[in-house]
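Single chain ahead, written as structure tokens, the form predicted on its own.
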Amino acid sequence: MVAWTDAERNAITSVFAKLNPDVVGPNALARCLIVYPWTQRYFSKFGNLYSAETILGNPMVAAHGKVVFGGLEMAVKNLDDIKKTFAPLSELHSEKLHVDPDNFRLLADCITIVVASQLGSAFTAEVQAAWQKFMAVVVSGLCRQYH
């Protein structure tokens, strides 16, 4: 179990309340697929992912990005038990989809970059510290089944 300070809880929930799921999720997933092209292998059913332009314009990437954002929303609502909350997702990604768990860290980094760009100067060092801790717990929860 992770110990959250009141300041961290407030920072995480405040950041999340300011985010647009139609922007953050799709842009973060698209960024991950563009920057780390080997991650595309998990999305072969999404069709043409051959260039940044096609990835950014792909409706299936955008839709799955919103699903990713929904997962983050679940985590925010269950800060005190993210690992238990993410147990089914961890099992799915490990047992059925066979996703390399390092990809969760890559996606978390992309999410953080998109969040920082959305918040601008409001994404202070203190806010980033809380957000990075949150994303580390999310990644740990997703990787749980792998251990």
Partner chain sequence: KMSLSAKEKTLVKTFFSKVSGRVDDIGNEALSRMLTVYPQTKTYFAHWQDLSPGSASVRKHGKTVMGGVMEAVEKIDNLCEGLRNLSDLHAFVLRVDPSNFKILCHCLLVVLAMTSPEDFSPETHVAIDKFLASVSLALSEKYR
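Remember, it's a predicted structure, so these values are computed and weren't measured experimentally. Numbering follows the first chain given and starts at 1.
Not on display, but discussed next: the form predicted in complex with the partner chain.
Contact annotation for Q128: at least one heavy atom lies within 4.5 Å of the partner chain in the model of the complex. Residue contact with the partner chain in the model of the complex: F16 places no heavy atom within 4.5 Å of it.
In the model of the complex, none of the heavy atoms of S44 sits within 4.5 Å of a heavy atom of the partner chain. Residue contact with the partner chain in the model of the complex: H64 places no heavy atom within 4.5 Å of it. Contact check at 4.5 Å (heavy atoms) against the partner chain in the model of the complex: all three of I34, L56 and G120 pass. Proximity to the partner chain in the model of the complex, defined as a heavy atom within 4.5 Å, singles out one entry of L79, A87, A116, M60, which is A116. Stretch-level contact analysis of 65-73, 79-87, 108-116, 93-101 against the partner chain in the model of the complex, using heavy atoms and a 4.5 Å limit, identifies 108-116.
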